[in-house]
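Below you'll find only one chain, the form predicted alone, shown as structure tokens.
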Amino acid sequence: MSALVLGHMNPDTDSIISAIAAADLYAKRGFAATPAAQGQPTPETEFVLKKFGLSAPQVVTDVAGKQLYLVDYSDLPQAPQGMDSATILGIVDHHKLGDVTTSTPLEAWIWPVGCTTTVLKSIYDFYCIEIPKNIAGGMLCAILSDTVIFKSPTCTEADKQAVDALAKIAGVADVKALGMEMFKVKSAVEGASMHDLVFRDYKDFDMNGNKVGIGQLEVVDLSILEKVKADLQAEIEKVKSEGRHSVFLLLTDIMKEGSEMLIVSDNPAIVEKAFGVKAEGKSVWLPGVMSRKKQVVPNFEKAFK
């Protein structure tokens, strides 16, 4: 039986490309594996798949009775239905270890780097397995996306070294130009619904018994979102009404290197407690904040305790 290689809910480029790369890697190590995703690719991911001739993974919403390899997460809130009867064979991730548990030993590679495909690059190297040119291109883009073209505080030297090596395999001469091309696609809001924009990169977290949603939209210029900001605020208010304590949406300007956070919460003062900045109205500007994983989630987790 072929195991599914599956990333988190509301999949981003790293989640989908990691599933493709890990499935290739496991198969070449003799383990039958099929890439899967918990949703359709975002516009950025579609751009990457098309550019390097990769196919989008099959969409899976229930994994009851399945064998799984998890990529880019190990938190149950990010998992599909049926996890209680699924068998987890392995995890490759770059986030903190979550609350997924297993009944049998597993292979786990969880490293403090900027992107899951950076870890996968090291696993390919460890087993002396050649990375296909098209998959190398996808992996390269995933790192550029997750590290915001090396601007994110999550970026490490290992990520930069992986990009250099993957660029050579993929035949990419100018990685920063490719990164900007990706972020221009990522910045596009025309034709997208407010729901799709909020959930383009969104995760729910359990913070001391409180369900907290945090989304992020990364753009090359914050003015792109000005005309839809009020609608985005209204949308996160709807999301909060579905049983959440708070929903926060980061509008990240990759050139100014900061984020405006839209706020809807049972306790708006939690933002000041977390960041030391008082919100004016329903939003707050957070200079230098680029990473949900490293700069936002840990701050809120401490504030909710």
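Fair warning: this is a prediction, and the values are worked out from it, not measured in the lab. From 1 onward, residues are counted along the sequence shown.
Beyond what is shown, the protein has a form predicted together with another copy of the chain; the following relates to that form.
Taking the partner from the other structure, another copy of the chain in the predicted bound form has a heavy atom within 4.5 Å of a heavy atom of residue 112. Proximity of residue 213 to another copy of the chain in the predicted bound form: non-hydrogen atoms within 4.5 Å are absent; the residue sits far from the partner.
Although the partner is absent from this view, residue 105 contacts another copy of the chain in the predicted bound form, with a non-hydrogen atom inside 4.5 angstroms.
Contact annotation: residue 193 falls outside 4.5 Å of another copy of the chain in the predicted bound form, judged by heavy atom distances. Contact with another copy of the chain, judged by heavy atoms within 4.5 Å in the predicted bound form, is confined among 136 to 144, 92 to 100, 219 to 227, 184 to 192 to 92 to 100. The single contact residue among 233, 122, 87, 161, judged by any heavy atom lying within 4.5 Å of another copy of the chain in the predicted bound form, is 122. Residues of 285 to 303 placing a heavy atom within 4.5 Å of another copy of the chain in the predicted bound form, in sequence order: 293, 301.
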